[in-house]
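Let us start with two forms of the same protein chain, each given on its own as structure tokens and named structure 1 and structure 2.
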Structure 1
């Protein structure tokens, strides 16, 4: 009953249990954080707007993405994954969500930013519905913890519109 193997097993099991409880407590402490993030996205330019040979519309844009996400960080935050997605409706699809840009914020110091960029991922429709299309730009973020539960939320910005004509 007191062989090396039994003792090692008892110690290991106890250690793992304590560590798991600590991880759980660390994750639970994240619930007490009440964040107040801000964000805004400006479309500076429509670079081009065409129908592809497969019949799908595609548009390329230059964006100014700015946000202050520093209130999302807690001591248990490893990084915040942030992305901006365009959301719109078409006659065939009740909802389309296309991620245009994403980034990783590794620490609170980097959480207030202004990015000037073209869309990192191609903004392509399933079909040819982009002319004059109204759409939302939503900034989503995922708070990836050092341990435990991941939180996700978003800010929806409405009022964007694609041009009436290809260019």
Structure 2
């Protein structure tokens, strides 16, 4: 006969195997979700556009950020990290990204939002490259599942331009 230890080991191994199979099935089921989020970022005002004493350009903006990210949520979604970044090119770098705002969306009920805010983080360029600069505002999101791998995607909004002169 098998001892109690052998039987407990068999039951524990079986339970862990079933749990792993359920986690794999949960993670795999996310591949069939095809989300269709929407987002819009409007610049309401350039509060200031100045050259700092160290020679770097800095911009403060008032933004209207609206999004409907509810389609990102499935039964396997724990939370969604979302952020808005300004993206632009300079002679030194093909892609510069500056995070302007971020947030954590804990549930589907909070996934539809409209926020009126100034940029949460400083919008600074190392140098004097901002005058008349074209840039994109991009909403990025990272879906953090309860089990499985994280997914990330973005919506790029083009057509923004900084002023030609400091204010």
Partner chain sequence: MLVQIVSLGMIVTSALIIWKGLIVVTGSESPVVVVLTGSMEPGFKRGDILFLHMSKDPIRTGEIVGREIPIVHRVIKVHEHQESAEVDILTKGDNNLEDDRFLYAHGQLWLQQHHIMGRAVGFLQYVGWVTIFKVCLFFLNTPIDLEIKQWLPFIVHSDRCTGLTGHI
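Everything quoted here is computed from the prediction, not taken from an experiment. Residue numbers count along the first chain shown, from 1. Rigid core (definition): largest C-alpha set, two forms, superposition within 1.5 Å.
Between the two renderings of this chain, the form predicted in complex with the partner chain is found in structure 1; structure 2 comes from elsewhere. Annotation for residue 7: C-alpha shift of 2 angstroms or more between structure 1 and structure 2, rigid core superposed. Once the rigid core is overlaid between structure 1 and structure 2, residue 156 does not reach a Cα shift of 2 Å, moving by less than that. Once the core of the two forms is superposed, the Cα of residue 18 has moved 3.2 Å between structure 1 and structure 2.
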